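Let's start with one chain on its own, the form predicted on its own, as structure tokens.
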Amino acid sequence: MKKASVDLDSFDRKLLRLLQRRGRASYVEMGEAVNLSESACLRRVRALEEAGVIGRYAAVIDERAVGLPLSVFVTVTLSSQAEAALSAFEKAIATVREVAECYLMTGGSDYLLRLVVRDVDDLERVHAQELTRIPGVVRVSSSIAMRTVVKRAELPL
């Protein structure tokens, strides 16, 4: 499951920083920004895509603007930490549309989720109809974020 780290030179890092800020930049714009030709930028970006460094391109959507203003952090504890139980939970949780992020954790809980929901009623629905119905879930605890202080879409390259 672990992906090997890719050796990145200064041009690769510059291209990645630019793409993190402006994913729709043209190869001409990239070349001007990093002092490479358009064709060199194209080759490098394709190599980064093939190596899995660039996994996909996506728009960053404002959650509030689309009616999903609440971020809720949820810890989930399972009855077993056997590989089969973890795999079954991960398969099930991937189908819950409100789950924006899911992490396998160390410590007191097995998973940490970030949900995006419309309101507390929507959270209650997800809790009752989705999360607690997943086989093996024995504890669910939620905390509603009052305000986002830092949310970066860029990695520190």
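What we label the rigid core is the largest C-alpha set whose atoms superpose within 1.5 Å from one form to the other. Numbers follow the displayed sequence, beginning with 1. Owing to the predicted nature of the structure, the values given are computational and were not obtained by experimental measurement.
Beyond what is shown, the protein has a form predicted in complex with a further copy of the same chain; the following relates to that form.
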- Indicate whether residue 16 is a 4.5 Å heavy atom neighbour of a further copy of the same chain in the model of the complex. yes
- Item | Non-hydrogen atom contact residue 133 with a further copy of the same chain in the model of the complex at 4.5 angstroms | no
- Query: Hey, in the model of the complex, is residue 101 touching a further copy of the same chain, heavy atoms inside 4.5 Å?
  - Reply: yes
- Would you please decide whether residue 123 lies within 4.5 angstroms of a further copy of the same chain in the model of the complex, comparing each non-hydrogen atom pair? no
- All three of 119, 127 and 140 touching a further copy of the same chain in the model of the complex at 4.5 Å, heavy atom to heavy atom? no
- State the residue from 40, 96, 47, 88 whose non-hydrogen atoms include one within 4.5 Å of a further copy of the same chain in the model of the complex. 96
- Taking a further copy of the same chain as it sits in the model of the complex, which residues of 116 to 152 have a non-hydrogen atom within 4.5 Å of it? Please list them. 116, 118, 143, 144, 145, 146, 147, 148, 149, 150, 151, 152
- Quick one: once the rigid core is lined up, does residue 109 have its C-alpha move by 2 Å or more between this form and the one not shown? yes
